[in-house]
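Taking the form predicted on its own, here's one chain by itself in structure tokens.
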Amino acid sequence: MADRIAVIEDDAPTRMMLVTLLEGAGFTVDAAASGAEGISMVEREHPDLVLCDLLMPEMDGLEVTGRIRKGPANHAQIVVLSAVDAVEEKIKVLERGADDYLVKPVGPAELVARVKAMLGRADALRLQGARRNGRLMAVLGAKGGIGTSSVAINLAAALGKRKADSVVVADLAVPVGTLGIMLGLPIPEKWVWREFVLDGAASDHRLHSYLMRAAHLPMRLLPGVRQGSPYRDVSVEAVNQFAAGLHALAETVVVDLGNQPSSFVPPVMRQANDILIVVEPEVVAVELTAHLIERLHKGGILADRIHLVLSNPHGSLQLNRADVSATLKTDAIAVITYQRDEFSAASKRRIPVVTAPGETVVTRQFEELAKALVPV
């Protein structure tokens, strides 16, 4: 598959020259005539490299670079082109997130050579990352409203606090995109990694480019599948390849599967190193969870990969931890109490509760869950 390049240039003759040159060199090229149009194009097409003019009306290349770095296509290489040959301008552009700064006029042979060199280095880094075999943790529940997404987010955050950039949380609780909303990240208007699933193994390296990050979060997010996306039409083989590819995203990948059946659930469960079933300790929830565990066993999932997380225990009429473990014949490795004020405050700030200032009961509970799965 040819590398995709986005050209953002307001001058029509220059834009057409760049498109013709790069297409002649074998690249797939998209072009935009303004900064705003270019950002939309980049977020839609997820190019491997962006060529952007610095001096443009309304939105210049500096702002375009910053916006791309904060958006869902932030892994693209960015090269800024400018007639301004000043050290101060170069520093500002590089500090905003550009990978290179080229002074016009640039000879056609040099431009193509630089683009190929940058893409070659990026491919080498992606291949190096793809060799990683990260630990995959699936989080799901047998019924809704029991905090499955909260467990996934806070487990990922607790693990991510130990080592920067080592954890990804994936939103596969289709078709809502809950995790992005909970974390205050801009929700893509479409199923952004659909191309990866449809292309299969040929585009494994591109899955990294769909990860979203924010300075206030200790982990990255693979956004969810939006309402109306044709995820049910994807072939079984493609979904299996996608599930296997999740391991390469980070040292630890926490996947929120929610409580609704989807085509993503079976292959992710087969790939998962750990399966965390969130259960509220009341009779109906435990009975539904028993059926879920039975289905997992019949599907070939070994018991030693399945763990229980008790959520929101309260009241004397509920089952205790020992009773739930005994009934389900599965160990409960953590208990998460729902502290209304703590969770409400974190929700208002769009952060995981474990990243809030100070240590609380809930923080310690999630830290213990993280330690039970990945000892320090």
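Numbers for residues come from their place in the sequence shown, where the first is 1. Bear in mind the structure is a predicted one, so any value in this text is a computation, not a measurement.
The next section is about a form of this same protein that is not shown, the form predicted in complex with a small molecule.
> Of the options 29, 62, 336, 324, which one has a non-hydrogen atom that comes within 4.5 Å of the small molecule in the predicted bound form?
Contact with the small molecule in the predicted bound form is made by 336 alone.
> Select from the listed residues 120, 105, 300, 145 the one whose heavy atoms reach within 4.5 Å of the small molecule in the predicted bound form.
Of 120, 105, 300, 145, the residue with a heavy atom within 4.5 Å of the small molecule in the predicted bound form is 145.
> Tell me, yes or no, whether residue 312 is in contact with the small molecule in the predicted bound form, where a contact means a heavy atom of each within 4.5 Å.
So residue 312 counts as contacting the small molecule.
> Taking the shortest heavy atom distance, is residue 269 within 4.5 Å of the small molecule in the predicted bound form?
Residue-level check for residue 269: no, no contact with the small molecule.
> So, in the predicted bound form, is residue 289 in contact with the small molecule at a 4.5 angstroms heavy atom limit?
Flag for residue 289 set to no.
> Considering non-hydrogen atoms and a 4.5 Å limit, does the small molecule approach residue 318 in the predicted bound form?
Heavy-atom contact with the small molecule at 4.5 Å: absent for residue 318.
> At 4.5 Å between heavy atoms, only one of the stretches 339-347, 35-43, 63-71, 326-334 reaches the small molecule in the predicted bound form; which one is it?
The contacting stretch is 339-347.
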